[in-house]
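Shown below, as structure tokens, is a lone chain in the form predicted on its own; questions about how it binds or moves come after it.
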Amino acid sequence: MATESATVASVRQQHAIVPLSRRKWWRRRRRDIGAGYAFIAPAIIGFTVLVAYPIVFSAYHAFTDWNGLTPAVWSGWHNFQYLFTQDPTFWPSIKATAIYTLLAVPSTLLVGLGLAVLLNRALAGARWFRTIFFLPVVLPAVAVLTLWKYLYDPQYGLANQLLTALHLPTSLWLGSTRMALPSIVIIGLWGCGATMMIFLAGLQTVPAELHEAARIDGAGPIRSFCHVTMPMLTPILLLQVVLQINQAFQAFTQVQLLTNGGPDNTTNMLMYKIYADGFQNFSKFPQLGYATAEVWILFMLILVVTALTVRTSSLWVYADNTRD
């Protein structure tokens, strides 16, 4: 009994909390704080160099006359005034961007959701179909757009050959002021694999008991989809809408590779105009400061549209308030 008590006392003595002196406590605290700052230093440096500094840099140069080679000259609001009142291509670029967004966002969401619903069923070869539809997402954009350029060729392209075989009128596609922008939207539909995969993941999270309850109540497949599946998908739909809006406003590669903003500025969307004013027109009027002002216009447009979308989402996004 005495031996056991001595052992317990020894253990307590070994694990006893020994109060630190004030100097040791501050030394240990400084070491912990220094270790903490050392761990977050890469993130802080990366954010400062890659995010904060470019934002401040571009905000300043949006108000300057700067060609990238000589020192910037402060010009106040001149870039913005010229942009809104004198630039002949600014409002056409806004119009092209708005039309492309209104066409591309709903159509991409509808096609992506339709494919996801089909592939969510227990169909034979569903995995192969998922791979086929997702393949354009992982292929290089230049290769995909080069292929579409050949397909849209007015003389030798497959698109016009199919129309001819169906005895339908052919089109100039990318060379037509009426069809150039819809042609680019069609290319975007072919690459909706990422949208489809996100919707497919969302469909697989809808509880099966909800569909079973709807079936017992006499709901058919369409009614069950409208009143059960879609409400459960609305949070994912909100995410998709925001992503697609941001992507549509920043459409660039397809314009640069296929149309160069033509014909007659019908595809000269704002992102491509920024590139053209900042780099392509360098020999005429090098205006990196002017292009920077356009970047801020684009940023404000995306910010306003995204904020309105999120702000109004409470009207159509289902929120399960019963969850913790």
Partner chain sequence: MTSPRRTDLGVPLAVSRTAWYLLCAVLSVFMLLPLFWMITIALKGNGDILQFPPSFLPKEIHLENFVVGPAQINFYQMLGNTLIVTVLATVGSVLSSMLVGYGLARIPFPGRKVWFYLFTASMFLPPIVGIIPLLRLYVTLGVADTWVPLIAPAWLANPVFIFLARQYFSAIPYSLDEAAKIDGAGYLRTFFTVMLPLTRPLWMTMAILAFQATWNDYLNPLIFLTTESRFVLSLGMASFSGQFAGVATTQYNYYMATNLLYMLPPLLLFFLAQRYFMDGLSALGTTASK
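The term rigid core refers to the most C-alpha atoms you can superpose between the two forms while keeping them within 1.5 Å. Residue numbers count along the first chain shown, from 1. Remember, predicted model here, so these are calculated numbers, not experimental data.
What comes next is about the form predicted together with its partner chain, which does not appear here.
Trainee: Does the trio T97, L110 and F225 actually contact its partner chain in the model of the complex, every residue with a heavy atom within 4.5 Å?
Mentor: Looking in the model of the complex, the three residues T97, L110 and F225 all stay beyond 4.5 Å of its partner chain (heavy atoms).
Trainee: Among 159-167, 77-85, 172-180, 98-106, which stretch sits within 4.5 Å of its partner chain in the model of the complex, heavy atoms only?
Mentor: It is the stretch 159-167.
Trainee: Using heavy atoms and a 4.5 Å limit, would one call D32 a contact residue for its partner chain in the model of the complex?
Mentor: Taking the distances in the model of the complex, the answer for D32 is yes, it comes within 4.5 Å of its partner chain.
Trainee: Is there a heavy atom of N246 no more than 4.5 Å from a heavy atom of its partner chain in the model of the complex?
Mentor: Taking the distances in the model of the complex, the answer for N246 is yes, it comes within 4.5 Å of its partner chain.
Trainee: Any of the heavy atoms of I198 lying within 4.5 Å of its partner chain in the model of the complex?
Mentor: I198: contacts its partner chain in the model of the complex.
Trainee: Check whether W91 has any heavy atom within 4.5 Å of a heavy atom of its partner chain in the model of the complex, and answer yes or no.
Mentor: No.
Trainee: Can you tell me which residues in 204-241 come within 4.5 angstroms of its partner chain in the model of the complex, by heavy atoms?
Mentor: The stretch touches the partner through T205, R215, P221, P235, I236, L239.
Trainee: Taking the rigid core as the reference frame, tell me whether D32 has a CA displacement of 2 angstroms or more between this form and the one not shown.
Mentor: Yes, because once the rigid core is superposed, the C-alpha of D32 moves 2 Å or more between this form and the one not shown.
Trainee: So with the core overlaid, does the Cα of L69 end up 2 Å or more away between this form and the one not shown?
Mentor: Shift of 2 Å or more: no.
Trainee: Would A43 count as moving between this form and the one not shown, using a Cα shift of 2 angstroms or more after superposing the core as the test?
Mentor: The answer is yes; the displacement is at least 2 Å.
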